[in-house]
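In structure tokens, the next block holds one chain alone, the form predicted alone.
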Amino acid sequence: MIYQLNANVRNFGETISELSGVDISTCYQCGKCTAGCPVVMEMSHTPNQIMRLIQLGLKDEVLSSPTPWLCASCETCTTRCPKEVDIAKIMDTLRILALKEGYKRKEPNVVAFNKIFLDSIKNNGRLQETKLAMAFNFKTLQFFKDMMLGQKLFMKGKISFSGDAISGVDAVKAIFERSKGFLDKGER
């Protein structure tokens, strides 16, 4: 694809840099972020393409893309980046900005999943996959989805309904409290 430089390049790029605290101009498109991404095959734009679209000021294309919502926030991209660009943080910033500005997602349940995912970590100190799946299925009115698979996994001892407790849940909750200033910028 050939893109024309948008007149709002500076404003959009500066907004993303300011909200995320990451200098997007340091990305030089090496592609290491994309090469290591475990969910890249599901994305409409690869991580390095999102970075380039931001650099080009293509706000609508970036904020309407499902890619930030599909990001697993595993930080593999950030770890692999030779310029230490925190792409995972940028993806989170893009999600917040898309919500704030009312961009619609093609995947209607992705916001619900994101909220349930983060709430699980906030409240339990870690992700509890069984509770996540149950809460998501309940929220999306898919009450019996995954029930047969869940039963098989439970019978084989692969999952539990209680989840493992961790020490330091209060410290995790404190991290979420400290991040409210960042989230408030995006009025999540």
Partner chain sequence: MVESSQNDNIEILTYSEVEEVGGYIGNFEVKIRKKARLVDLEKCTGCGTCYQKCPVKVPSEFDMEMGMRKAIYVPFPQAVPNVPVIDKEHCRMFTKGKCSICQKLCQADAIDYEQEDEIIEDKFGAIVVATGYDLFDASVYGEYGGGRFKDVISGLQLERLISPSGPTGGHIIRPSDGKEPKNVVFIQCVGSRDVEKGRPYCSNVCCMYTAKHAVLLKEHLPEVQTNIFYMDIRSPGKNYEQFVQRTMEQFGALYIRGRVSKIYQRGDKLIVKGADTLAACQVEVEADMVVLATGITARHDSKEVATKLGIPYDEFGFFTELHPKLAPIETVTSGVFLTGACQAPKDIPDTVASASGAASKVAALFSSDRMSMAPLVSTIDTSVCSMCKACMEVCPYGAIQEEEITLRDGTKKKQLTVLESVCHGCGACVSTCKSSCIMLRGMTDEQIFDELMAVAQ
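Numbering follows the first chain given and starts at 1. Predicted, not measured: the structure shown is a model, and the values here were computed from it.
Form predicted in complex with its partner chain: not shown, discussed below.
Q: My question is simply whether N48 lines the interface with its partner chain in the predicted bound form - judged by any non-hydrogen atom within 4.5 Å.
A: Judged by the heavy-atom cut-off of 4.5 Å, N48 is in contact with its partner chain in the predicted bound form.
Q: Using heavy atoms and a 4.5 Å limit, would one call Q29 a contact residue for its partner chain in the predicted bound form?
A: Within the cut-off, so yes.
Q: Taking heavy atoms and a 4.5 Å cut-off, does E101 contact its partner chain in the predicted bound form?
A: Contact with its partner chain, no.
Q: At the 4.5 Å heavy atom threshold, is L56 in contact with its partner chain in the predicted bound form?
A: No, L56 stays farther than 4.5 Å from its partner chain in the predicted bound form.
Q: Using a 4.5 Å cut-off on heavy atoms, which residues of 32 to 52 contact its partner chain in the predicted bound form?
A: K32, T34, A35, G36, C37, V40, T46, N48, Q49 sit within 4.5 Å of the partner.
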